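In C-alpha cells, the next block holds one chain alone, the form predicted on its own.
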C-alpha cells in the first residue's frame, strides 16, 4: 500500500469519525437551541416592545425599556440590594463550607452522619423553610429572638429592621448553600494525593496551617473556582425567601432583582419592561461569573 493510499484512507477515517461525532452531538445541540438559546432570543425581542400580558396589540419601542429601567430608582435599588446580598452569601457559604469540609474530612466513624446533617438543607424546599425561618426569627414568638432577649441582647426584628433584613436573608442563603458546597469541597479534598502531605512534612510543613497553605488550598483551586461561580449564580437568583418573608419590605431594603422583575411582569403585567430586566439580569450574572472565573483561574493550580 502506497503512502498516498494510506493518506487517503486516514483522511476518510478522520472524516467518518468527525461525521459520527457531529451526529452524536446534534441531539444535545438541538435541545440547547430549543430550550435555552431560543427562549433568550424571544425574551430579548419582547424587551424591545411595549407588550402587556393579555394585550392583543403591541408596538416596537426599541431600547426605551432599557433606558427607563436604568433611570428607575426601584430597579437600581433592587440591583444594589442584590449585589449586597451576593457579597454576603458567597464568601459566607464558601468559607463556612470549606471549614466544615476540612473538619468532616478528619472524621472517621461519624463522617457519613455529619455529611447527611449538613446536606439536609439542600434537599429541603426553600419556600417551606422560609416559613420556618420566619417563625424562628419572629420578634414576638420566635425562639431565636426569645433566646437573644433572655441573654440580654434586647428586642430586635430581623426582617423588620432596614439595616438587618438583608443580613437575615443572607444567613438563610448561606444556610441553604453550605451543605452543597461542603460536598464539593469534600470531593476536592479526597482527590488530593496523600503523598503531597508526606512531602510537605519532609520539607518542614508539619503544622496544620502550613499544610493547608502549601498543599490543601492550592490543590483545591479548581474546586474553589467551581464553588465560587455556582454560589454566585445561585445567590443572584434569590427570590423565594424575599417573596415569602419580606416581599421587598421594609422600605424596599430587601427588594432584589428577581422580585422586582416578578412585580413588574406578573403584578403590573408589563412584560416588555420585565423582559428587559430579565436580559439585564442575565448580563449581570454572566459578567460577574466570567470575571470571577478569569480572576480565580489565573491563580488556580491544575
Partner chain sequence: MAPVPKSRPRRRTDRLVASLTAHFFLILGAAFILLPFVWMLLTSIRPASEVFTAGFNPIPSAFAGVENYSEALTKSPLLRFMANGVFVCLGILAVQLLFAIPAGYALAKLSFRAQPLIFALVLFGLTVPVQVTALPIYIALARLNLLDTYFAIMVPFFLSVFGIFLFRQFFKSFPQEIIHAARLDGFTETEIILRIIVPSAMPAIAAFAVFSITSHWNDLYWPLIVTTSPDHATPPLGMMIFRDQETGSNYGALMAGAAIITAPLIIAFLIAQRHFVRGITMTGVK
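Positions refer to the first chain, counted from 1. Model, not experiment: these values are computed from the prediction. Superpose the two forms; the largest set of C-alphas matching within 1.5 Å is the rigid core.
Below, we refer to the form predicted in complex with the partner chain, which is not included among the displayed structures.
Pick from 63, 70, 35, 251: which has a non-hydrogen atom within 4.5 Å of the partner chain in the predicted complex? Selected option: 35.
State yes or no: in the predicted complex, is some non-hydrogen atom of residue 294 no more than 4.5 angstroms from a non-hydrogen atom of the partner chain? Contact with the partner chain, no.
Though only this chain appears here, would residue 77 touch the partner chain in the predicted complex if you measure heavy atom gaps against 4.5 Å? Residue 77: no, not in contact with the partner chain in the predicted complex.
Tell me, yes or no, whether residue 274 is in contact with the partner chain in the predicted complex, where a contact means a heavy atom of each within 4.5 Å. So residue 274 counts as contacting the partner chain.
Does residue 159 reach the partner chain in the predicted complex if we count a contact as any heavy atom within 4.5 Å? Answer no; every heavy atom of residue 159 is more than 4.5 Å from the partner chain in the predicted complex.
Please state whether every one of the three residues 83, 90 and 167 places a non-hydrogen atom within 4.5 angstroms of the partner chain in the predicted complex. No, the whole trio is out of contact, none within 4.5 Å by any heavy atom.
What residues, if any, in 199-225 have a non-hydrogen atom within 4.5 angstroms of the partner chain in the predicted complex? If the 4.5 Å heavy-atom criterion is applied to the partner chain in the predicted complex, 199-225 yields nothing.
Rigid core aligned, does the Cα position of residue 279 differ by 2 Å or more between this form and the one not shown? Comparing forms between this form and the one not shown, the residue 279 CA shifts below 2 Å.
When you overlay the rigid core, is the Cα of residue 38 off by 2 Å or more between this form and the one not shown? True for residue 38: a C-alpha shift of 2 Å or more.
Checking residue 251 here: with the core superposed, does its CA move 2 Å or more between this form and the one not shown? Comparing the forms between this form and the one not shown, which are aligned on their rigid core, residue 251 does not shift its C-alpha by 2 Å or more.
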